[in-house]
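Next up: the same protein chain in two forms, each one alone, written as structure tokens (structure 1, then structure 2).
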Structure 1
């Protein structure tokens, strides 16, 4: 009986923050690192289902860089990255379309349903909601079929949220000319969060946040201003896959998105902790 009473107390305690976030949209970006960790992924998806159950409107945007690398390795293609983005030739685009927009997207949707939630996959294989154009780097380097999102079909996403379903969106977009583009998943999540005017954008990765020394978890920086973040990119402290993530955070802020966080998806309940603890668990980036 005591145990049941304690559980009921916990539910009552949760009432305040559930009320605060009910009806507000949270965009959750799942990276290849957490997608590859079966146990971490299951706990993240359970948090997502909980959010949906209590009316918090989670939207999942996902990458799948590691799965793409594996598929390319089977065809003996060496992955090539320029400023954290994959150089995408014709053959690579086909793999990204099959693996990211197809297999990974379907798997995540099925997993949410298997764990008791309701989800719908939104990709070029079903209903596409991301539209865009080819990305040209300032440096002039050619990235091939890499795109950026210029338009998000909000009505489809909001329709699903209205009927308590979790939209699951891969980082893959279609141009006006019908051509498809591979989009970095951090920037895709940013575009979705902006279009929806999300309350929060949370990047779940395999590090505890932005670190001064990328290999030392103790050097985590809990709070980072725009100026500090840019300086850390210039000095090389923020490198590889962390660059598009931090750039996406900076781009998003001040464009209608409330808060942006980079959080360790391997930490159990990191998503819920991020929402209901005032101090948060990862790195918060601010303007």
Structure 2
């Protein structure tokens, strides 16, 4: 009986958050090691289905790094990176188009359906919603067929949300000239969140959030204002790879997104725990 009462208490705690975010859009960036962890991925997709069921409007934007690397190895194409971004030549582009915009995108859509939700894959193989142009680095180095999103077709995404379906979007865009481009999944998710004026943008990561000590998970900071985040960058507490992620979060907040979250996607039901509990399990960054 006590266990049943505890479950009821959890539902009551969640009710306030459910009412607050009902009808609001949340963009979820899915990628990295989470996509390769079958158990973690299943729980994330169940969380997405729950969110839609209680009236939130989740949108999934995904990468596919490890699946792409495996496919490149099978095709004997050597991966090359410049400043952390994948150099995309003609052969690599074909693999990325097939694996990221095709196989991974369809797999995630099918899994949501299999688990009881409703989803629609939106890619260059079906209905494309991301449009962009070639990315040019300040250094002048060429990344090949790597792009940045300049336009998002809101009407298609919002039409699916209105009919209670989960849009599933790969980080792959099309130019006005019909050329396709490989896009960084973080920046693709940011573009979608900004275009939709999302209430939340959630980065599912392989770390539990922003930490005072980057090597100690117990030093996680659950809530950060923009001012506090900039101070932690200046003091060196936010360092190395977390700096560009936090700076991207701050840029997104300045463009109409309500809050940005960094959450460990490997933690079971981390999405629900972050959104529907008072303390959360990751880091929430707000304006």
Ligand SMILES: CC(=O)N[C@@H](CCC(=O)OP(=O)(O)O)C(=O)O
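Numbering follows the first chain given and starts at 1. We call the rigid core whatever largest set of C-alpha positions still superposes within 1.5 Å between the two forms. The structure displayed is predicted, hence computed values, not measured ones.
- As summarised for this chain, the second structure is the form predicted alone, and the first is not.
- Core-superposed comparison between structures 1 and 2: CA of residue 43 displaced by less than 2 Å.
- With the core held fixed between structures 1 and 2, residue 241 has its Cα displaced by at least 2 Å.
- Core-superposed comparison between structures 1 and 2: the Cα of residue 231 travels 2 Å or more.
- Aligning the rigid core leaves the CA of residue 13 displaced by 3.4 Å between structures 1 and 2.
- Aligning the rigid core leaves the CA of residue 220 displaced by 4.6 Å between structures 1 and 2.
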